[in-house]
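So this first bit is one chain, no partners, the form predicted alone, shown in structure tokens.
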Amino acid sequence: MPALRIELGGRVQGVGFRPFVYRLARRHGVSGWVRNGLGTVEILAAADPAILDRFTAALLAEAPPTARPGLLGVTPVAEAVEPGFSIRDSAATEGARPAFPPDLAPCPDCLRELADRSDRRAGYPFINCTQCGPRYSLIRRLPYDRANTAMAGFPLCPACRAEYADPLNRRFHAEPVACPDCGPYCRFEAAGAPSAAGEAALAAGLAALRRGLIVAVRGVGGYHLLCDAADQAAVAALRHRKSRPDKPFAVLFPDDARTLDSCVAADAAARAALRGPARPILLLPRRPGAPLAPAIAPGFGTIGAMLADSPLHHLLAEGFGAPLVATSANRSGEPMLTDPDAAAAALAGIADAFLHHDRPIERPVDDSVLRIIDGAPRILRAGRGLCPIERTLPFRLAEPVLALGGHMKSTIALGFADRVVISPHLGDLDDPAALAGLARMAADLQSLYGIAPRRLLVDAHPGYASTRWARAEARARGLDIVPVWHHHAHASALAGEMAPGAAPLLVLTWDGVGLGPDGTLWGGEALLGRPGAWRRVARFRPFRLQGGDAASRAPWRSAAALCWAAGIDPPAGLLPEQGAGIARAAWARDLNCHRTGAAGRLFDAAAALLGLCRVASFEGQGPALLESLADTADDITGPAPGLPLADAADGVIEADWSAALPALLDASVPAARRAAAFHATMAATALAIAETVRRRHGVAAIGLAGGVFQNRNLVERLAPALRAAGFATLFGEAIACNDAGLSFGQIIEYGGRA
């Protein structure tokens, strides 16, 4: 009987692939075996040729919903195969292509069992099967077997072992499988209250939430802080204790369409994203009169909505029966808290109570954040449920590389052969703890994938913490350093995801700032070319910005700089009472100033000129408030004029921002209409730049890259206009357009230079 040796890679471990193969083989009458390798699945299949063809096709076409298999090889073998099909023990194989599954939200079958009081796992916060449960956060090494996970310390009871060993059971080799008799359990602790365990701990946690207390809950990838989202006093207390005055909180909703619909507007695409196995935070329009505390998202027209990502969160959300604030317990920019003792110490003055559990967390994973922009969900932050992100490169690397990304919204990426693996969100590297987390993640990726990089790719800005860390690491290990320009990486990230071919591409790289090859701070560029060969063809007119790094958190500085450069007195109330005169004198003398034409600074300036945000408590606050205000306006009528374009002395097309100032400063027009008009003007300017470059260079495709394009109002004005003008319009979905995409872009840019 003919036999084939079949090897599959991709996401094929931790997703029930072997039992799927077993059932498929029995259905088709195929003999042989299946086993895990290091990141692969190997199959020996024997049957008539026609049956083998159908079986091989079905391996891909009928794979489990959370699997992402790829066929690595099919080889005929002359080997005697005993009748029947079996699942063999895992084997270490040479030339392994490890792939790590992400953590997955509870599946419908497990949720049904969770609610069934007659089921032995009813109400058990750690229920899971091959289609759901923790994966990436508990894997220690491959192959993906229980002994190589954080569950190794929980021996299976007889009932769980019987399920684990039954190929026809959906818990066959579900490595985190457990029950109340043999698995992890919850523990409730609060000052002045008796501790509780198991179901009593969950009941105590719910009682604390109902009393308006703040409860720290240990989840899949770290701790959340929970409180009643309708309780203004509780939310205000959380803001005060966490020193988070303005940044919006995410809201955990029970699995109840009526409750969700009362608070946010969610269409079919939004509901699909919310209910997907990643269970991200999804930014959705807030409904007027939503029964949520005003302090949830002050001044913002969106709510970060999420459904339960774990059985524990599901039990809390359903038991509470109303929306809960669910925000990461770590301070902004710092790594997730994962250890119970460390969390108890760090949150002693923030949380009133703790709901711990004893399942180890091997690596922290923050919540993923998505937003539906121009009809598709776009990743703004990749974390739990999505990471690690693994992609095939459009080239083959001669040697492994590690890309260190940027400074804000940090991620790192490991590139080897024709693959790239992108880490979860690591935070902002201003904090030493975040930089230590980056170092741990770098070591972790190399250990998990068995890859030692020979080159480190870094942002060309010498002051970035990631760049400084990489240079120290390179000296210690004898590695090469390869600098990559910030906006070249942005453009290459977009090209690598959406346009890996060789055709020239025009990419608008609009963000806060990043060091450019000419020594100025870029952020409002149009780059033409392809990875490894970008050239600037357009920009906003540079202006002198005073204050150094302080300018990023002081939108008034951008607004004042534009007014001063245009010869206009800043409006009353814009400048702070302290330090304004010094800043004006320093600007006039060009002290502590830099040149920039960054679009992000223009949005900062507009927000400050409209009185929305003069000093920001978090990155991007001003532009986000400006967008929210623009969303409330009766839309402007007629086509908006773009900014004037002219060729600068170096031949680069330059858009003159000064033409936008009179409209922004016209107090006779409602602020919301001015905010909307500014968005329309920026979109019209982008379209005019694209059309001018097309006339000169014949480019047909345009891409949007950089954090400014997280702005839904801007993109949904610009993208339809570009398509109507005949452009193929590219905007990333799986790779964040903000600085979280830089590490991937650095590898694409490096590969393009070869």
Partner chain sequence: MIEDTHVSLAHGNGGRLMRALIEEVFARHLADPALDTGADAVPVALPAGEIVVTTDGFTVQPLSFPGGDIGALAVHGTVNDLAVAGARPLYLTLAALIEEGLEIARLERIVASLAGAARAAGVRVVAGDTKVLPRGQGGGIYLALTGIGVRPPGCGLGLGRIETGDAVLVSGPVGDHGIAVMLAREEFGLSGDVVSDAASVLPLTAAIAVLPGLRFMRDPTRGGLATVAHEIARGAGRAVELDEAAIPVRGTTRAVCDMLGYDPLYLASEGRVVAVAAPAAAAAILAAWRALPEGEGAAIIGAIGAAAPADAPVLLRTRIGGARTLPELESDPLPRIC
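Positions refer to the first chain, counted from 1. Source: prediction; values computed, not measured.
Unshown form predicted together with the partner chain; subsequent notes refer to it.
Across the options 446-454, 622-630, 289-297, 423-431, residues that bring heavy atoms within 4.5 Å of the partner chain in the model of the complex belong to 423-431.
For the chain shown alone, Arg384 is not a contact residue for the partner chain in the model of the complex, no non-hydrogen atom being within 4.5 angstroms. At the 4.5 Å threshold, heavy atoms of His407 reach the partner chain in the model of the complex.
Proximity of Gly547 to the partner chain in the model of the complex: non-hydrogen atoms within 4.5 Å are present.
Although the partner is absent from this view, Thr338 stays clear of the partner chain in the model of the complex, with no non-hydrogen atom inside 4.5 angstroms. When the partner chain is considered in the model of the complex, only one residue from Gly415, Gly133, Gly512, Gly219 comes within 4.5 Å through any heavy atom, namely Gly512. A single residue from the set Gly579, Pro670, Pro360, Pro400 has any heavy atom within 4.5 angstroms of the partner chain in the model of the complex; that residue is Gly579. Contact here is defined as any heavy atom lying within 4.5 Å of the partner chain in the model of the complex, and by that definition each of Tyr464, Arg468 and Arg589 is a contact residue.
With contact defined as any non-hydrogen atom lying within 4.5 angstroms of the partner chain in the model of the complex, the contacting residues in 594-611 are His594, Arg601, given in sequence order.
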